[in-house]
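The chain below stands alone and is given as structure tokens, in the form predicted on its own.
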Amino acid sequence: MTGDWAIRARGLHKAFAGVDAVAGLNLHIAPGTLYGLIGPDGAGKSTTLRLLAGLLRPDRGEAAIAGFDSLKQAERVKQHMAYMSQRFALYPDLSVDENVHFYADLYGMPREQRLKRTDQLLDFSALRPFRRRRAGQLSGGMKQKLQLICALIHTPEVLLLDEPTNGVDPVSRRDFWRILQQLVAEGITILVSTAYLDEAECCSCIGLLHQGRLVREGTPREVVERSGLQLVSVRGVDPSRLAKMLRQHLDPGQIHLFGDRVRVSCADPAELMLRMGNWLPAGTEMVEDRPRLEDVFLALQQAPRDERLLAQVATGVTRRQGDAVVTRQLSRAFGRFTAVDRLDLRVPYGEIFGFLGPNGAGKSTTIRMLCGLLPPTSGCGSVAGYDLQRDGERIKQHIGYMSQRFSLYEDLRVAENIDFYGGIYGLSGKALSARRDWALELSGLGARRDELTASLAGGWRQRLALACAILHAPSVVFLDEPTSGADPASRRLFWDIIRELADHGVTLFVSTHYMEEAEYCDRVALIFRGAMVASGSCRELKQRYGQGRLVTSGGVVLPDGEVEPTMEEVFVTLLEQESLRDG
């Protein structure tokens, strides 16, 4: 290592089409640091990493890795650094071993040295049993670890990771962060950008980017404490009703409905609890809550709750009674492999139903069957009153579906995507024109209707995709990992929209890998290897499976001083139990 800093940026500036992506950034990261870079969509995180890696030329300023200038000494930087982008840079038709050796060739490693290093890394990542398997046949979590192995094959001093855990389950994410902690213990410096603020809390130092500028920096605890934020958590029989009551007295921006409680930001918790006692029903539970990084992030964003937009969300929806989704012994096999195994579900109208499980558990296969896209091998069921075996085409006309990839056509303009989906759902003429205007308003893209969809940031594409999915006012909506990679502000708005739809009787069937999102669901089910292993409200599952677990900093302090486990702890506990049961 040359110099006092493993990573350094001075006055770094980069603009695209006259818009600043990185604006005068100064960054100094000491050797052996795990540094988290967080910020909203479009804040400049990916651009910063690419500038540091020498993949982009700055307009002004300079960057250095391990004491070497990222542009002027690019070959020296390459010897001391590894960069892992958001997209898997793997060759799907090559095996694990072949991918690793390909990268070793790129770095010019001698054969004897690479064999020893490969064995170390395969043991380190628990991938040794899969070394002959093709990369394209690995789960998302395994691909993630393989890409990390490829980056580490030449033993870099500095590792740059751009949102490496998007789209992988909580167990894989934990595994990945365990590996990062071990690497830092060996002296490697890591700069990682992430949209998950629970991950940022694992870093020794974090930096919050906003509009290309570093606006907060320090340890996660320091950043939270310096914010001065204070919160009160309110619990009752009907959290949604409590939130509506509080919005009559307080700024709606102070109020956040989170699972079975309402979190309220304030200047004086004791004084607020005294006032709320006059507004809320007797027996309502109130307790001072711990602020988290996400609360600080959103306070800095200053994104107010848009009541007018939310009031439009359920326009045209017809409220229905009874069960929206019913399955009995639903199964799907691909050859000898059973992806979904005798699944029983019953989801009423107006419920937010969370569908959880690790990579490869069968979530997407189940959703594709329920959407009429894939016929079941056996079993039966209905969606919106239509039979899964006989009425696949009719189901498609009465549901909304948003896939993991947003389901948008990037080479179409914003309005053209809306018109395309309107045509699929049978809208035309004045009806389509009215719904197009509604969708543009809901997505906040009225002024950008003629822009190519490919130019939109992730959060905006997400809103457009949801608007397209509910364009025809369906009573059942399937959302397959809809917020993967979105920043906290976009996620919170997305879930406000989901709650508004549910309040008007729409069923939301949501799969997610982000366990904090499970808290927004009325009820959740966990599947593992195609079979359901647990279901119930988050509170019920925490009481049933969360006892005696090590609780993370995200836990909630209860009135008796105990700390409630997080849903991630429950998820990991259940999977450990099932894995042991299966031997």
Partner chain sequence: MVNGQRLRAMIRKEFIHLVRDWRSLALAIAIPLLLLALFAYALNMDLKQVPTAVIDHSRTPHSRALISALDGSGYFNLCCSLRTLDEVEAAMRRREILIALVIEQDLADRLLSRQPARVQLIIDGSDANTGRLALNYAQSLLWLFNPQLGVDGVRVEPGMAAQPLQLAARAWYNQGLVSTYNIVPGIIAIVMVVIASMLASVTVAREWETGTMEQLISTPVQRLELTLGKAIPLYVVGLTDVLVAAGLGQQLFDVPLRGQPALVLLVASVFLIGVLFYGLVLSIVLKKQVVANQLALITGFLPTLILSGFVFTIANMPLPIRLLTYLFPARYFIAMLRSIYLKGVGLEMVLIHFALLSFYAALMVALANRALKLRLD
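All values reported here derive from a predicted model rather than from experimental measurement. Numbering follows the first chain given and starts at 1.
Omitted here: the form predicted in complex with its partner chain. The next part is about that form.
Contact check for L479: no non-hydrogen atom falls within 4.5 Å of its partner chain in the predicted bound form. W177 falls outside the set of residues with a heavy atom inside 4.5 Å of its partner chain in the predicted bound form.
Contact check for R134: a heavy atom falls within 4.5 Å of its partner chain in the predicted bound form. The shortest heavy atom separation between M81 and its partner chain in the predicted bound form is within 4.5 Å. Residue-level contacts in the predicted bound form: of H256, R216, R114, H210, one residue has a heavy atom within 4.5 Å of its partner chain, and it is R114. The single contact residue among L197, V325, L122, L90, judged by any heavy atom lying within 4.5 Å of its partner chain in the predicted bound form, is L90. Remark: all three candidate residues (R50, L55 and Y103) come within 4.5 Å of its partner chain in the predicted bound form, counting heavy atoms only.
Checking 225-233, 329-337, 73-81, 278-286 against its partner chain in the predicted bound form, the stretch whose residues place heavy atoms within 4.5 Å of it is 73-81.
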